[in-house]
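Taking the form predicted alone, here's one chain by itself in structure tokens.
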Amino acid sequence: MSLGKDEKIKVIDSHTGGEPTRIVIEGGPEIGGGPLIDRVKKFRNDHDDFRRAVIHEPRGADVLIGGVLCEPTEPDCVTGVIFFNNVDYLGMCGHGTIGLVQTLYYLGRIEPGRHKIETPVGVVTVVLHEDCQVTVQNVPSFRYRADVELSVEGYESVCGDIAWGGNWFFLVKDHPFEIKQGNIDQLLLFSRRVRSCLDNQKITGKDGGVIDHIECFGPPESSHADSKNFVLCPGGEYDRSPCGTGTSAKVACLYAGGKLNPGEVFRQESIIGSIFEATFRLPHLDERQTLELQGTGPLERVVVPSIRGSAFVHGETTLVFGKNDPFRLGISK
């Protein structure tokens, strides 16, 4: 961002199951064309001050997920999007995509029906339903490793699965806490220590992928849900929603463990009680061929998940970055 003049950026704020999303609709950085993964690199290298200014205090908060609209490379996509948080950029964001679809509808850019959105990790198909709920068909997801044991400082041995749902997750099977709002502080401390343990022991996803999300789960409180989760996000905050990519990783693990079949509905409750509905199908033949070329796998455990949830627009704002404001680029931590 230029330091020589006032800057104005127009954003739409929404929340998906309680988790906020801020979509930049005017005033984003110039990051050129080409594959979105390359544009993410340019964003990070040349315009990271924009990310910090939009997300960090005093205009944002650590829990906030941001997104910048950009021209897609695929002609049948309604938009491309690059998501980011308080520390870095995200390959995919499930709740953010649901919030993005509701934002596009609020702006009059789409109508109910099926649409495609390009992300840095691939094209996702979305459906805006007549009741304004949104279904996101996520990128192919899979369990990478099962029953990984960790010795976590201050706790007994922890066992969990490593899975991909658009981001890398460590899904903790055994932990000493009930998943409820009164235990958020303890769950945060525990999850952060699990994350540190994974880093220190150099335990990663496929091809060295950093496991930057920790998901603890347990019995639901709602009679309408099958499980309740707590998800630690990369920036150290917890997800208020049931987490779209985390729910994708979860159903991939359930399928790999023989506990969920294609087409069956799995309802994931969040730490604050909001619910996503998830189903999955197996990849079609042409998708399997593409996955083989990309080296995704193991193919016998790959699923294509769909997540359904609701988002609500709650703000249409012009952010002002005054040239004399000492915190115009956010308060760094």
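The first residue of the shown sequence is 1; numbering continues from there. Just so you know, these numbers come straight off a predicted model, no measurement behind them.
The same protein also exists as the form predicted together with a small molecule; that form is not shown, yet it is the one meant from here on.
At the 4.5 Å threshold, heavy atoms of I211 stay clear of the small molecule in the model of the complex, well away from it. For D239, a non-hydrogen atom is located within 4.5 Å of the small molecule in the model of the complex, even though that partner is not displayed. The closest heavy atom approach of I65 to the small molecule in the model of the complex falls within 4.5 Å. At a distance threshold of 4.5 angstroms between non-hydrogen atoms, G99 is out of contact with the small molecule in the model of the complex. Residue in contact with the small molecule in the model of the complex (any heavy atom within 4.5 Å), chosen from L171, L198, V126, C233: C233. Figure note: of the listed segments 87-95, 185-193, 202-210, 116-124, the one touching the small molecule in the model of the complex, with heavy atoms no more than 4.5 Å away, is 87-95.
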